[in-house]
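Only one chain is shown below, in structure tokens, and it's the form predicted alone.
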Amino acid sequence: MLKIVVCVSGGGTNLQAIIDAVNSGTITNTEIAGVISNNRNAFALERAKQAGIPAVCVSPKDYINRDLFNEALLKTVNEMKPDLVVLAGFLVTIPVEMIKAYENRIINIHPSLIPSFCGVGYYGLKVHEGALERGVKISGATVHFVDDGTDTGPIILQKAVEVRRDDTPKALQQRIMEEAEWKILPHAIDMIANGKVQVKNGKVVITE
């Protein structure tokens, strides 16, 4: 049984997709051990509570410096004893110590087809604003392992979504969530839970 901890910052729609997929059996062999948010007002915490999942807020605002927050975040994760940490809209830089402790055991969902519109400054609506400004015809989402760069870890899954002529950043964001994020993130977790994902020479190898 794969124990996962889901880290969130906002509404928690990807968290809900994971909860629903576990409940429906789309994600197999997996237990959500806990939810962590850096934002005490995140609706994701309420989603976890409604699903009977332990949830806690670890906010940088409660610590006098970033190092103490990083220590607290890693301690909280360790206490939940996850096999996999899932970043589902977690708008916090993951501490290097945590990346080392959970090497190839942290995954992230990013709302573009990496390497496009990713890296420092590309998060939330900014990703979709960038895509529309550039005039791309296809965008999408990527699930990848987390390394010590920003959106640079080995790619697990990607799914393309057509960009429409009349799209706004908000409309594109919603469609990418519905058509890509909520599908490939649960699928990636299920594959990892069933031993189908390995990292070799910096790339993901998937066995069916």
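On a predicted model such as this, the values are computed, not experimentally measured, just so you know. All residue numbers are counted from 1 along the displayed sequence.
In what follows, reference is made to the form predicted together with a small molecule, a form of this protein that is not presented.
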The stretch from 108-116, 130-138, 71-79, 95-103 that lies within 4.5 Å of the small molecule in the predicted complex, judged by heavy atoms, is 108-116
Between the options Met177, Cys57, Val161, Ile53, which residue brings a heavy atom to within 4.5 Å of the small molecule in the predicted complex?
Met177
Any chance Ala88 has a heavy atom within 4.5 Å of the small molecule in the predicted complex?
yes
4.5 Å heavy atom contact, Gly195 and the small molecule in the predicted complex:
no
Just checking whether Gly12 would be counted as a contact of the small molecule in the predicted complex - the rule being heavy atoms within 4.5 angstroms.
yes
Non-hydrogen atom contact Asn38 with the small molecule in the predicted complex at 4.5 angstroms
no
